[in-house]
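Two versions of one and the same chain are coming, encoded as C-alpha cells; call them structure 1 and structure 2.
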Structure 1
C-alpha cells in the first residue's frame, strides 16, 4: 500500500504537469489545484510511515529505490503544503499573464521532481530527479519576459555546474561504498578520497539550496521570473531539498565529526555566505532582489548549523530550514501582492501603502520579524539553537552569525519603511488590498510562523529531533525557551542596535530607502559595492569570460585543422599529381629507359 502511495506521490504531479501543458485556461487551473490537493492529501497520509521500494532500473547497482521514513516524509509533506499554497496564490497572480500553461506545467513538474528526489533511496535515482529541476527552473525563468532568457541560461549553467560536481561526488561515494543505495552507505571521513567526495556532495547540496559560490542566478531570477516561482523554488522547495540532502550527507552517508576539518570548512562556508549575501542585500533598491539576497544569506545559517556537527546545531539548522521556508515564502508572497497591486517593485517608487494594504503589511511585519530573529517568532528560536552550536565550536563563527543578524534586521527595517511607510501620494490613493486568493496563503504561512515560534515544541520534538536519532538527542533539551541566557541577551542587543542604526539612517537621508546609505557609501565598503554592482565578483561572469577565451582558442584550432585538410592536403596531392603527369611525356624511348633502369635496380637489389 505504502509503496503504491510513494509511486503515486511521484507520478501524480508529473502526469498533471504534462496535462497542464495541453489543457485550456480554466481546465488547467482546476487540474493544478486538484493535483496539489491530491498531493497534499497523499503526503499527509504518508506522513511518518515507513516503507521501502526497490525495482530494477539501470544495471550496475542503479535501482529504482524509494524510501519513506521520518525525515523524507516530513520534507514531502512540507513540500506538498507549500505547493498547494503557492498554487492557490498563483491562480490569482497569473490570471492576467500569458504563458500560463507553461507555468503550471513547470510548477507541477518541479513538485514531482522534488517528491522523487526526496523519496529516492538510490544515489543515481536521486541525481536523476535532482537534475530534472534544472529543466523546470530554466523554463520557469524563461517565461518571465522576453529578456529573461539570459537569466535562465545563467541559472541553467550555474546549477548545471554544481550538479556536475555533485555527480562526481556521487560517483566517488558509490565507488568508496561499493553500493549506490543510500540507506546502506555509512562511510567515515578518514581518507582524502572520502573527504573529497563529501565536499563535492556538500557543494552540490548547498548550491541547490542557494549558497555561495553558485548563487548569482537567484537575484537575476528574482527580477526576471514570475514571482510565484521565487516564492516556491528558491525560497521553499530548493531549501528543503538542499538542506535535506546536506543533512543526509552529514548524518547518514558520512559521519561528520565535531571539530574536524570538514566541519570547519562547512561552517566557514556558512558564515561567509551569511555575511556576503546580507551585505549585498543591504544595498538593494528592488524589493524582490533584496529578498532573494536574503534567501541566499539565510542558507548560511542552515549550513552553519548542520556544519557544527553538534546535536544542538543540527537541530537548529534543520529547524531553520523549515522556518525559513515559511517566512521567506511569506515575504515573497507579500512582495508579489505589492507588485500586482502597484505594478512595480522598485523601492524608490513605493511607499506609504501600508495603510491601504493592511493585511499584507501585517504579514510582512510578522515574516520580517521572524527572519530577523525577533522573539517570540520562529526565527528567533532556530537562530538561538544555531548560535548555541556555533559557540560550542568557536566564537568566531558566532560573531559572524551575530553580525549577519544585525545586518538582516537593518535591511528589513529599511525594506519595510521604504515599501510600506512614508508618504507617497501617487500610490497612496489608488492601491487596494490584494484579492482574497492571494491573501489566504500569506496569512496561513504567517500564522505558521507564529505557531512554530510560540509552540516550538511541536515542530522540534515531533518533527526534527527524530531526524537526528535518539542517541544523539539524548541528554539535550532543544525546545522551549533557549537555555543560554547569554545568547538571548546578545540577540536582543543586536536587534536594538539595528533599530538605532535604522533611525540614524532615516534621519540622515530623510526616507526609508536611504536608511542604510551610510553603510553603503562608507569608505571601505563603497569601492567593494561598486565592483559588485558591476558584477566583477560574479563567478558566472568570470566563468563566462574564461569560456569565451577557450571558445576562441577552440575555433582557432578548428580553423587550423580545416586548413590542414582542405588546403594543405589538397595542394600537396595536386602538386604531386602534376609532377607525375609531367614525367609521362609520351615518348616511349623514355618509357623504355625507365624499364631498363628499373630492371637494373631490381637486379642489384635481388643480388645484393
Structure 2
C-alpha cells in the first residue's frame, strides 16, 4: 500500500501538471486545487510511515528506488502544505494575468519533482528529479514580464553549474561506496577523495537552498518572476529540498565530525552567506528584492547549524529550515498583497497602508519578528539553537551570526516602516485589504510562526529530534525556553540595538526608506555598495565577462587564421607566381642562364 502511495505522490502532481497546460482557465484552477489537496492528503497519510520500493531502471546500480521514512515524510508533508496554501493564494494573484496555464503547470510539476527527489533512495534517481526542477524554475521565471527571459537564463546557468558539480560528487560517492543506494552509503571523511566528493555534493545542496556563490539569480527572479513563485520555490521548496539533502549528506552519506576541516568550511560558508546577503538586503529599496536577499541570508543559519556537527546545532539548522519556509513564504505573500493592491513594491512609493491593510500588516509583523529572532516567535528558538552550536565550536562563528541578526532586524524595521507606516495620501484613499483567498494562506502561515515558537516542543520533539536519531540526541534537551541565558541576553541586546539604530536613521532622514542610509553611505561601506550595485561581485556577470573575453580572443584567433590561409597565403602565392611569370619572358638566353645557374647549384649540393 505504501509503495503505491509513494508512486502516487510523484505521479499525481505530474499528471495534473500536464493537464493544466491543456485545460481552460477555470478547469485548470480547479484541477490545480484538486491536485494540491490530493497531494496534501496523501503526504499527511504517509507521514511517519516506513516503506521501500526498488524497481529495475538502468544498469551500473541505477535503480528506481524510493524510500519513505521519518525525515522524508516530514519534508513531503511540509512541501505539500506550502504547495496547497500558495496555490490557493495564486488563484487570486494570477486571476487576470497571462500564461496562467504555464504557471499552474510549473507549480504542480515542481511539487512532483520535489516529492520524487525527497523519496528517491538512489543518487541518480534523485538527480533526475533534482534536475527537473531546473526546467520548472526556468519556466517560472520566463513567464514573467518581457525582460524576464534574461533572468531565467541566468538562473538556469548558475543552478546548472552547481548541479554539474553535484553530478561529479555523485559519481565519486558512488565509486567510493560501491553503490548508489543512499541508505547503504556511510563513508568516513578520511581521504582526499571522500572530502572532495563531500564538498561537491555540499555545493549542490547549498546552492539549491540559495547559498553563495550561486545565489545572484534570486534577487533578479524576485523582480521578474510572478510573486507566488518566490513564495513557493526560493522561500519554501528549494530550502526544504536543499537543506534536506545537506542534512542527508552530513548525517548519513558521510560522517561529518565537529572541528574537522569540512565542518569549518561549512560553518564559514554559512557565516559568509549570512553577512554578505543581509548587507545587500539592508540597502534595498524594493519590497521583493529586500526579501529575496534575506531568502539567501537565512540559508546561512541553516548551513552554519548543520555544519557545526553537534546535536544542538543540527537540530537548530533543521528547525530553522522549516521556520524559514514559513515566515519567508508569509513575507513574500504579504509583498504580493501589497503589490496587487497598490500596484507597486517600490518602498519610496508606499507608506501608510498599514491602516488600510490591517490583516496583511499583522501577518507581516509576525513574520518579520520571526525572521528577526524576536521572542517568542519560531525564528527566535531556532536561531538560539544555531547560536548554541556555533558558540560550542568557536565564538567567531557565533559573533558573525549575531551580527547578521542585528542587520536582519534593522532591515525589517526599515521595510515595515517604509511600506506600512507613515503617511501616503495618494494610497490611503484607494487601497483596501487583499481578498480573502490571499489572506487565508498568510494568516495560516503566520499562525504557524506563533505556534512553532510558543509550543516549540511540538515540532522539535516530534519532527526534528527523530531526524538526528536517539543516539545523537541522547542526554540533550532542545525544546522549551533556551537553556543558555547568555545567548538570550545577547539576542535581546542586539534587537534593542537594531531598534535604536532604526530610530537614529529615521531621525536623520525623516522617513523609513532612509533608515539605514547612515550605514549605506558610510565611508567604509559606500564604495563597496557602489561596486555591488554595479554587479561587479556578481559571479554570473564575472563569469559572463570571462566567457565574452575568451570568445573575443577566440574570434580574433579565428580571424587571424582565416587571414593567414585565405589572404596572406593567397597573396604570397600570387606574388610568387607573377614573379616567376615575369622571369619566363621567352628569351632563350635567359633560359640558358637559369639552366646553368641551376646546374651549378646542383653540383655544389651533390659535392657537399
Partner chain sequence: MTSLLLILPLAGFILANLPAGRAFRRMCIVLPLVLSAVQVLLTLFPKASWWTAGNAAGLSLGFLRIDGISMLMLLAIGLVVFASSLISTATVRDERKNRSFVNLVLLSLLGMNGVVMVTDIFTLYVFLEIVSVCSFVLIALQREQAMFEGAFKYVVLSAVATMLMLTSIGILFLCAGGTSFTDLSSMIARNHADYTVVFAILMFIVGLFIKGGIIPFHGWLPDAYSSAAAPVSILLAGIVTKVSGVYTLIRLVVEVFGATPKTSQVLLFMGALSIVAGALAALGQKDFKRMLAYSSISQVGYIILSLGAGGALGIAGAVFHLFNHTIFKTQLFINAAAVEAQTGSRDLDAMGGLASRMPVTGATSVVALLSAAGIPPLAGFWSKLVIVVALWKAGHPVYLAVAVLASLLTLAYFLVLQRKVFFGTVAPGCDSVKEAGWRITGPSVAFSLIIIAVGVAVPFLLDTILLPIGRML
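Numbering follows the first chain given and starts at 1. Whichever C-alpha set is largest while still superposing within 1.5 Å between the two forms counts as the rigid core. A quick note: this is a predicted structure, and the numbers were derived from the prediction, not measured.
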Answer check: the form predicted on its own matches structure 2
Establish whether a shift of 2 Å or more occurs at the C-alpha of residue 596 between the two structures, with the two forms superposed on the rigid core.
-> yes
Once the core is aligned, please say if the CA of residue 584 is shifted by at least 2 angstroms between the two structures.
yes
Here the CA of residue 564, compared between the two structures on the core, is shifted in angstrom by 9.4
